[in-house]
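As structure tokens, one chain now follows by itself in the form predicted alone.
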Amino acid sequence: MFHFRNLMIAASALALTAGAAQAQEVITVAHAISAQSHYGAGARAFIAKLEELSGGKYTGKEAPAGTLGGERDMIEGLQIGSIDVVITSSGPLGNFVPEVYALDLPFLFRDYAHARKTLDGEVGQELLAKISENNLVGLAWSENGFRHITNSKNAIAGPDDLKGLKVRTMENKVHMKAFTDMGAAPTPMAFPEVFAALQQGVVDGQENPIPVITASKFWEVQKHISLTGHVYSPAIVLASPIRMDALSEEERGWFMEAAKASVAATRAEVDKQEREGVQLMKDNGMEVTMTVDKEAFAKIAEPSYEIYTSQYGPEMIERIRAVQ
């Protein structure tokens, strides 16, 4: 009798364990750069917080390095429900929600404090709401950082040094206009294709924040970096509306809190790379141009603002500049 009772208890425990395992849902968190990047830190923080808040009901699986496609592909995956959560730069997002192009204008943000305060405040929340009107769910603004130019040809101290260079850009018409005006040949392509394109000489250079450059080890295919800081590049944590619509109010709250944890981890890693990344690039053989004629770059980039203001007016730009 004792043995039978023990067997029944064990069987019940196994059944409960199996039921819990079956009930656990795996959330895919995808991004385009390496698992060792600031996006990777953000993805892991998202998963950890979601597991904690849900008591293990939800767990997560990171899909890094463009394993589920380029950023535009992943955003489209959210819309059809094939991906649950994506951490992406804002660049391709403008193809889906044009209002966010305001964030990609050259030399708009003064520094990190200005950018983060803007995105965490009224302007950022309005843009998240706009994103959620376009078959996407914007959970929180995250971060890439200020973008700089790398290339394999020559040092870049001013716009004249860009002339004739084939530079990979995001599929973003504001960025492409600015580089065209500076005499470069902007070449949009998905991020997972960039390293090979640089290696094979399809393009001469690319532009990205320091955390992306270091995580991607672009020093293996690029000789020069110029600290132009020409654009502040936000990132964003997006969720599938199909996934979010299936959640209870409490569960949606878990996802929102997980996104906040992701942002905090990502920004912390960006801060670390900003402190350490320049020396890391030097240590790996890159020639770093610190002194750049930013005023000349900014002047040439001014016409790119017309792409935005001609359709939406100057109000958003003025509001961003007014944030203190």
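Start at 1 and count along the sequence shown; that's the residue number. Everything numeric here is computed off the predicted structure, so don't read it as measured data.
Only in words, not in the display: the form predicted together with a small molecule, which the text now covers.
- Task: Within 4.5 Å of the small molecule in the predicted complex, counting heavy atoms only, one of 148 to 156, 219 to 227, 109 to 117, 163 to 171 shows up; tell me which.
- Result: Looking at the other structure, the answer is 163 to 171.
- Message: Since the partner isn't included here, can you check whether the small molecule sits close to all of 214, 269 and 273 in the predicted complex (heavy atom within 4.5 Å for each)?
- Response: Spot residues vs the small molecule: no contact at all.
- Query: Which one of 101, 254, 141, 191 is close to the small molecule in the predicted complex, taking close to mean a heavy atom within 4.5 Å?
  - Reply: Going through each option in turn, the one that passes is 191.
- Task: Using the partner position in the predicted complex, report whether residue 63 sits within 4.5 Å of the small molecule, counting heavy atoms only.
- Result: Although the small molecule is absent here, residue 63 would stay clear of it in the predicted complex, with no heavy atoms inside 4.5 Å.
- Indicate whether residue 33 is a 4.5 Å heavy atom neighbour of the small molecule in the predicted complex. Yes, residue 33 is a contact residue.
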